[in-house]
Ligand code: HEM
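First comes one chain, alone, set out as structure tokens in the form predicted alone.
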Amino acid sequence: MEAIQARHNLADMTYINPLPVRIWHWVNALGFVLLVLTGAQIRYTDIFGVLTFESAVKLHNWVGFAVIANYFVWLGYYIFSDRITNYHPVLDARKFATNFFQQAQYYSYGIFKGEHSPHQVQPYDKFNPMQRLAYQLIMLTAAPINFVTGLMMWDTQRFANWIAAVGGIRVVDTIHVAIFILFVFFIFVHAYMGALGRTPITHYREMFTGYEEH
């Protein structure tokens, strides 16, 4: 009976998160949280006294370099594997707009009425249209800009020409902090959305086992 039940349980699951994706996800999550915390410590050193200013800066820098390296691991994996279809399953603007609107309706009120998501998760079509757009804005726009502005503030002399080209160090700092705020918002929304599975821990469990529960 146990063997039959195990086969039945597997039949109700889809393997959508390979091991490299899961490792990258948790390394990235830890890195982002540490960057947010150390960034807040640096920005509000008179309020938070967990670390000294110097220690917070050093930790922020080292974690930043680790997150940048991890980013290129993610980028290489999606570019050189067939998983890129998770972000671009079909390059059809009209179909994307229609599916995006349906997903927005679901998140707005359908989910509260017990309706099923219009997007059916598949191994090579993992993200719904809203997720695809959000992740691409974060990973292909916001993250690279924050990496560059962080590097510019890490060594102002080496990147003096770049800093001058964008309007000075205050402009660089403002951009960096604005994206920092965006990341804080994204983390909270991401954590909330992760709790909207069959149970509050269903989607979190998927990032450990790799299996999506139907």
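Keep in mind it's a predicted model, so treat the numbers as computed, not measured. The first residue of the shown sequence is 1; numbering continues from there.
What comes next is about the form predicted together with protoporphyrin IX containing FE (HEM), which does not appear here.
Participant: Heavy atoms, 4.5 Å, protoporphyrin IX containing FE (HEM) in the predicted complex: which of 174 to 182, 26 to 34, 160 to 168, 55 to 63 makes the cut? Say which one.
Facilitator: Going through the listed ranges, the match is 26 to 34.
Participant: Within 4.5 Å, heavy atoms only: does L75 come near protoporphyrin IX containing FE (HEM) in the predicted complex?
Facilitator: Because no heavy atom of L75 falls inside 4.5 Å of protoporphyrin IX containing FE (HEM) in the predicted complex, the answer is no.
Participant: So, Y135 and protoporphyrin IX containing FE (HEM): in the predicted complex, are they within 4.5 Å at any heavy atom pair?
Facilitator: The answer is yes: Y135 has a heavy atom within 4.5 Å of protoporphyrin IX containing FE (HEM).
Participant: Under a 4.5 Å heavy atom criterion, is K126 part of the interface with protoporphyrin IX containing FE (HEM) in the predicted complex?
Facilitator: Residue-level check for K126: yes, a contact with protoporphyrin IX containing FE (HEM).
Participant: Answer with yes or no whether M139 is in contact with protoporphyrin IX containing FE (HEM) in the predicted complex, where contact means some heavy atom within 4.5 Å.
Facilitator: Looking in the predicted complex, residue contacts with protoporphyrin IX containing FE (HEM) include M139, since a heavy atom lies within 4.5 Å.
Participant: Just one of I42, I187, V148, A69 has a heavy atom within 4.5 Å of protoporphyrin IX containing FE (HEM) in the predicted complex. Which one?
Facilitator: Answer to the contact question: I187.
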